[in-house]
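What follows is a pair of forms of the same protein chain, given separately as structure tokens and numbered structure 1 and structure 2.
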Structure 1
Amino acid sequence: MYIGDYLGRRQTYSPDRLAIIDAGKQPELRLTYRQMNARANRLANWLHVHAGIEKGDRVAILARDGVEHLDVFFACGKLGAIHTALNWRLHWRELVGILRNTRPKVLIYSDDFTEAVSEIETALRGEAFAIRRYLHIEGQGIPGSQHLETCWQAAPDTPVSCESLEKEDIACLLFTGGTTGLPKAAMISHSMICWNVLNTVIHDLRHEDIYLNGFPLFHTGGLFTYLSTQVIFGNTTVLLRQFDPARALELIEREGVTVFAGVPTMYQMISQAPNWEQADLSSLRFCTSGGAPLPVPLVEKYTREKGIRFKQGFGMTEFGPGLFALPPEDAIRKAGSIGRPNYFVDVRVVNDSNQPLGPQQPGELVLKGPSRCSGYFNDPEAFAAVIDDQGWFHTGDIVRYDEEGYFYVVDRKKDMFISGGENVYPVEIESVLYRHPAVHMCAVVGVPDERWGEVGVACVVLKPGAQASEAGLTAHLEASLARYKVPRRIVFLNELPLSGTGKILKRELRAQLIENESR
């Protein structure tokens, strides 16, 4: 079997190559492909014999980043089971709802979340659905929980395979943010993983690359943007327990990292780290930024001070995740662009009537191609709502493209607000704010207004030691934007709410602003 048994096949080719450096462990853990495959076989054997895991069963993990995520993912692949990584930022009550929907037979968790898991176990006790086994990674765990490493070490490392596994079978569930209700679980097939690897190889990776992963492994950015391709290539990946800018700089230099990926807020944080000035980043072939447009002043800072070449990317949980790529040579010339579509992705920009639009006409991005997910787990209606009758997937992103075929994200449909009858796109305003030398991070959201329907509020975090006034930033915006686009207020904050991947949580920010105004 080769479908699903990624490590088994990799051990055949390069058993003694260094696969994983788990820099979150004390002491650090360095594992070859032979060792990684043995761990996955042992865990798969234990899960099958002691927890009854079969093809299609779900195995959930609630943990900070570490090699255990990969142990579970690759063990599930061997069994034909479905890896289900939970977002540790969620409240335990939200996790209970997700678990009731996905019904895993096993829940693996790190010590950080023992209290949450205790609440989860109590909430699910006595229900028709019950988790069969709780396994803790470290610490003592809840009563009745077993230690993960003790379990898999006691099992044999004999090869495990699921001979009935096919390429369209589901490898894992990844959860989308969603705007209402529980996060939707995108079903990621083995085929989807392979098509993403092809797109990544064509545009990015080479043999011998060393990748530092700063994304959480419950997120498509962590598990699939580069990591899965690194394994199939037989390359080395460095894991952080949780993103830390100073630690990231240390590891890039020490391990000779050649590829790093992050969202713009990560790059902002790295540039402000205490060891930024002395850090040697010469090993990096390029850095990839996605999730939001990378501010041009930040690109220029990295290029000027560290000689970094940036690739701008764009992807999503349900598709890819790699969809677009902007090569480093275009980083300045096409600043703000997400680049051109990856090789095996078809794209269109359409209006509200689903008719294709031409260059420089903003509209919704729709997609077709083999790297699309297989739907939402237990929610076919939600997936049907984003697929039109021609099979195009509707992303909810407003984009435009220029005459050379380079695409630009204008905004999310949900982030756009209407003020006095005019569409206002926060990304456009944020890009101007980032040109101000005092602005470290910013986010613009629309809030209710009796006269205009909605007005913009800009939330700004200043760089350490920098000063700026509301009047000064307003004047800066007025010099570049139409009057109706200029936020009605500018609020200075010490920090912005961030997701586990470093994205700014605009819904939380908007809710905070509305709540403060109502007091």
Structure 2
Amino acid sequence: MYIGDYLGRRQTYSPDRLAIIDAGKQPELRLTYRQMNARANRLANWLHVHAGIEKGDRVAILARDGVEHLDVFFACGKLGAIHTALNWRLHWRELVGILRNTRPKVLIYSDDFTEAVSEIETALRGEAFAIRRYLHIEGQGIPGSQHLETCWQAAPDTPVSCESLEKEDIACLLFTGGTTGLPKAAMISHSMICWNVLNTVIHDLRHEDIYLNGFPLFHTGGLFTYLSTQVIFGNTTVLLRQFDPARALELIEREGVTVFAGVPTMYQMISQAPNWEQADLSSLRFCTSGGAPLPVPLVEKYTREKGIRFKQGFGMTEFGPGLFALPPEDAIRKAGSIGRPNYFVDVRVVNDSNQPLGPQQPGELVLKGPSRCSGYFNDPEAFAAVIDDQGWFHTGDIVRYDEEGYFYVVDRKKDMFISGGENVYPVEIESVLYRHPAVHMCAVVGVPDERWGEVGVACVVLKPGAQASEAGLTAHLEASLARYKVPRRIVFLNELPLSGTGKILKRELRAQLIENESR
């Protein structure tokens, strides 16, 4: 009973229940469990016969949110193949690196990325590994590309299953930010997904819930916060093509949505949407926020103006989105907390010598449990570096817990900041800056921002006699990095604060920037 069987089981129990409302399509698509299962079987049959997809092969998708992500996810599950969802915010050059590492046989893409896929196809042409099929979801596609739906429509809907599949086999790859260059591909097993479902379901969902997904489906938040659980329950999920605050409000009201989940930036945007005031949100049982700290004034605004109960969640790609939960009744009393560990995760807070710490003592959060991923694809060293000799996974998050066992994120050990829910790793940006001939030293830090939570600022020291402008360096960064990683500002300095060993003191730099801004 693995991912590939979920839709088949649902077809047995509740074939005519509404599974998916794809509100990003024109006209909108409303699909039952029977229809979803038939789509996944057809696609699995097509992928097997026409693209030679077998157990363990990767099938990549570069697309806005939509039912095709689920078609591919479940079709791969049926074949024992590995669903590989790419972050469409990345630059095509970054995607080429990821594709060289993960070597998918098929690349499925939506219209917005035809240009990027054309660049990718040119860059990869003639390489030893080859993408066998390019499949476009809509539009014309690149030369030689085939229309996805026309392909699977022509295939039979006979059930597909992979007899040799084991629970520890890999169902999908999800990408974390790159601390040392390329994003790492966390290997998500069939069993990890089940344990994550258990972790989330215990606190959150009920039969009959209607869930509006705000997360991108290439992220752990999208596929696994509630979506996989909704399928198991036979409930309805509403998908947007891309997050749009006014549309989200409309859909909550129209479909009687009972659960919404998103990152804090989305809640900020929803509360400023033109239809916020008149929106009737009384169907919502609660909203879940995760991925970054949720500002307390926002919780208060939602509670005051719409009577909404807020849940705070904490998760990560490598362990699933359902790690910690703060129930609505604690939202104000324990404001700022990520709550308590969920049922099937063991946690500790440890000091630099890996010794467990007591209440109120900040230290690194380490985790153990069955919802841990199986490693990073093609990068065992990077995974070994985050697991200690007792098997604890080191998150790089600095937390403390209070006497009642509620946890608070206080800092991060990893050099990372979160902008609009996306993790940004400064080292990636700095390495591109260093490729500019005028840059002598640089450091990128995240500073607070009302809308995005944090935004990047690059501090740059130029080589003696060299010249560069803010616009010039920004254009240099934009040529190879995703837009959300490009710092909002570039500040030119004569020197950077250094430690005795010559390390750039980023905390000090960040404090200086914040102080200068507040003047």
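Throughout, residue numbering runs from 1 along the sequence of structure 1. In this text, rigid core is short for the largest set of C-alphas that superpose within 1.5 Å between two forms. Just so you know, these numbers come straight off a predicted model, no measurement behind them.
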Shown alone, the chain in the form predicted in complex with adenosine monophosphate appears as structure 2
Using the better-fitting superposition for each C-alpha, decide if residue 381 and residue 454 are in a common rigid part between structures 1 and 2. no
Mind giving me the turn angle of the little rigid part against the big one between structures 1 and 2, whole degrees please? 155
With the core held fixed, residue 414 moves its Cα between structures 1 and 2 by a number of Å equal to 3.3
